[in-house]
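Single chain ahead, by itself, as structure tokens, in the form predicted on its own.
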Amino acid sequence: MDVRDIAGRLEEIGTLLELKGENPFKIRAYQNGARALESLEEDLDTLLAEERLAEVNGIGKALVEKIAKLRKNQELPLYTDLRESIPDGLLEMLEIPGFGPKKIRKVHTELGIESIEELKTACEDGRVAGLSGFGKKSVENLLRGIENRIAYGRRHLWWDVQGVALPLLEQLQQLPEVDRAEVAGSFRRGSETVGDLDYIVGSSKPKPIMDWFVSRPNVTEVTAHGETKSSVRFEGGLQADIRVVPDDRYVFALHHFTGSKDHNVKMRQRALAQGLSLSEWGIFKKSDDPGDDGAKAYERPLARSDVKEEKDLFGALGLAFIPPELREGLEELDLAEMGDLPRLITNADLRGVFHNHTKASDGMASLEEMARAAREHGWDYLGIADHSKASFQAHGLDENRLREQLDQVRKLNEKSGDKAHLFAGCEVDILKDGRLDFEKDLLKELDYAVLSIHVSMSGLSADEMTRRIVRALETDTGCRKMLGHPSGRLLLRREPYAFDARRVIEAAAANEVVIELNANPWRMDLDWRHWRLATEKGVLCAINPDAHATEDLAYTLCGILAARKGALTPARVLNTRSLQQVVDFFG
């Protein structure tokens, strides 16, 4: 187990002990141990090897042995016994917002309730309201929590969240009491999915901001309303937290709550090596570290009071500015120390896109409408890649219909007007055995072919699926090839099929195949974690919206986020090239 997994297990043990009604001091020991591990500033293995882990504040000697076992992936009998002794229904109740272990234990011991259904019935018939510590209002909140627990617990697509997050941020930034504000967390890092929103605000007048935030029209529930921090839920279950800090501490809070945890740990370790302490409150001399005492943190003198922007924070530790998308605890600090961070691609770098559909298959717009919409985006070219005949469910084109479309593309390109240049492609199905849906004599008439899997996605082993994809990449098509949405995943809906990404990337490199970064919000595929290897192997990327309507062309924003997380530069992305350069590339 890594440090986060161990901390999670200790936190879970604390929760199980609380459900059992164990000694509060014992419960707190596990909770404190979990928090101590999450904020660990030294390597866990080093501390264990040098027998110094018990010296860390919050980790007593009794926990050291358990942590060491968990680090070796050994199970703890205490955890196993606790888990088996507690009904599954009580654990499911922990999913209900605001319904913690103490209250769960109370309804269990006094009413014999062991499932959410029994709890709902007891709320409706008045038995829960009759318990001490419960009342009419708390029962109403509990029923609402039961109803919404699935929605509250799920993650959300980045694309969906930005429709809520960005308009609210714009309104927030316009409040007279706000000096500056930003959305932090996984949203700012450009993660594919987002659990909740974290707004960070610099201001000396928090109260009006708190009151404004909890009174937004799309707020369905206010879960906390404090002096400097509030929490709400929006329609659909998305939670949002807001924190207001003095403006001179804003940068530190923004960096901390942007994360990721792994990135923050490495930053704290770097500060520690320089005799400093970095936290959400500031950069302090180690002796002045306020620790977790947020109430008094603002009274402590900052070791670096010249930090006005995030670039100053990184500079104070001898680092170049690290874009939020790269803050995943990988090699970003090493690159920033050497000043070798890449100039990441932006949406403005795109000159066109290649994987798009029209009414000819399962799209909603005509060739001309798509070409005009592309020009409105400021693009010079647009590729059309309607489905091939094997995708019958998408009204895929047969040989005759595809040739008719090629003729239409040529005629449109001969006309002047407010349209982008059209490239003629096709999304050609990779069949179960790795053959392509069309033969070379047709494919060579295209500018390019997007090779994709739409059928027989299950029932194949990882090796079989890999060999299927590699065979397609090695096929002589007589035109340029792109590998479309390589993993077949649909975020929050369908897991990727099993395949060896390294072998596929190496095959793409060997056969000069472009790999698509499908920007559809449900896909964002190839996953950003594989692009460093693809870059190392010399593979070109094509960021494609897989648009089925003119408005879908805007999906490129999601592709840019994933590309930035994958450290892609404009030079590694085909569609940053000019029209003439792409014409030359297609040959």
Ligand code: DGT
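Because the structure is predicted, anything quoted here is derived from the model rather than measured. All residue numbers refer to positions in the sequence shown, first residue = 1.
There is another form of this protein, the form predicted together with this ligand, and it is not shown here; the text below is about that form.
Interface residue remark: Ser260 is counted as part of the site for this ligand in the model of the complex, having a heavy atom within 4.5 Å. Of the heavy atoms in Asp198, some are within 4.5 Å of this ligand in the model of the complex. At the 4.5 Å threshold, heavy atoms of Thr466 stay clear of this ligand in the model of the complex, well away from it. This ligand is not shown here, but in the model of the complex it comes within 4.5 Å of a heavy atom of Val194. The stretch among 159-167, 180-188, 336-344, 221-229 whose residues place heavy atoms within 4.5 Å of this ligand in the model of the complex is 180-188. Of the residues His357, Arg268, Arg489, Lys419, just one reaches this ligand in the model of the complex with a heavy atom at 4.5 Å or closer; this is Arg268. The contact with this ligand in the model of the complex, taken as any heavy atom within 4.5 Å, belongs to His256 out of His256, Arg233, His454, Arg351.
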